[in-house]
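Only one chain is given next, in structure tokens, and it is the form predicted alone.
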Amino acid sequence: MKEVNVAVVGATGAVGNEMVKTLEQRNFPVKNLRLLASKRSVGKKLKFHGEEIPVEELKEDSFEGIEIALFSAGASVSKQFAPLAAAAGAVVIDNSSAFRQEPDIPLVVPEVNPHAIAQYKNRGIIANPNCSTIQMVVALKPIHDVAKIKRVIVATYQAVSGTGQKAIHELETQVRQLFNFQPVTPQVYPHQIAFNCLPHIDIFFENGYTKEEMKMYYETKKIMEDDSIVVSATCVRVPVFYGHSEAVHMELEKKLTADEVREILSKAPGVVVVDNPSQNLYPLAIEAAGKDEVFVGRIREDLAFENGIAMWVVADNIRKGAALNAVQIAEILLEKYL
């Protein structure tokens, strides 16, 4: 592949930092790397292939000569700067929620709908889905291809890194405070997160669901290209640093046995089956952390549905749930379209 000029917006955040590492680890053909962030991050340096690259302030003219721009700086920043980057000639791969439900902007998980990348020509922007949606659809799509999925009920157990560096620090701080019998004052979350579970991710809507839960509802339909799939999610923040876990229950149009699902998933791209309960083998967040794959286990026939399958799905939310997915999109973009 030819070398291209790449910008990372939000480079000093948890996901932006991981994007830089992932570009290096996968030997993405970067000609020049431009690191962009807010004014307060100017002067910081990040290592890339042994070179220390200074962080620059994100400005309207930051994208001159850039061919691919990876954004991970929040929806408000993306709404302002992604169209400017596209107008300057860059293809934007945006990790925020800003454009995911725009009908003319592709929402892509490379293992599921790589063909949708071609739609980048509409507006020069590709949306990276929500972290919890990404890992779920990687596991659902191979099953859906064999026995159409009618409905999904999912409960997520999401790591604090999904909120960012401040949340990681908050969990660390609260654990220390509690071990030292000190009072805990939550700042990032509305309640103590250490040794607790919060059934609350993002804002609540009038229907009683949170924004995170409705993201899973709408994004699953768009990525799987099937509006008939219904999704009901309960998203929970748990005191884990890295790695989202999900209990997924699905109703299928025709019966599949647990063994048939294991066989399907064992051949699926980006999936690793870890499923031997007799040996206490099932996916764990601490073992998925730092890994690229989506791990699936506890595969069994669901007792609540006539044609049901239940399973446990785990992935590193910062890697496959964000940075890696974006870089994989960039790889396909460069290989097939640029």
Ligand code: NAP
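Heads up: residue numbers just count along the shown sequence, starting at 1. Remember, it's a predicted structure, so these values are computed and weren't measured experimentally.
Not pictured, yet referred to below: the form predicted together with the named molecule.
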query	finding
Listed range touching the named molecule, judged in the predicted complex by heavy atoms within 4.5 Å, from 71-79, 190-198, 264-272, 137-145	71-79
Touches the named molecule in the predicted complex: Val314 (any heavy atom, 4.5 Å)	no
Distance check, Lys45 to the named molecule in the predicted complex, heavy atom within 4.5 Å	no
4.5 Å heavy atom contact, Cys131 to the named molecule in the predicted complex	yes
4.5 Å heavy atom contact, Gly162 to the named molecule in the predicted complex	yes
Contact test, all of Asn5, Leu23 and Ser62, partner the named molecule in the predicted complex, heavy atom 4.5 Å	no
Residues within 4.5 Å of the named molecule in the predicted complex, restricted to 311-334 and counted by heavy atom	Gly321, Ala322
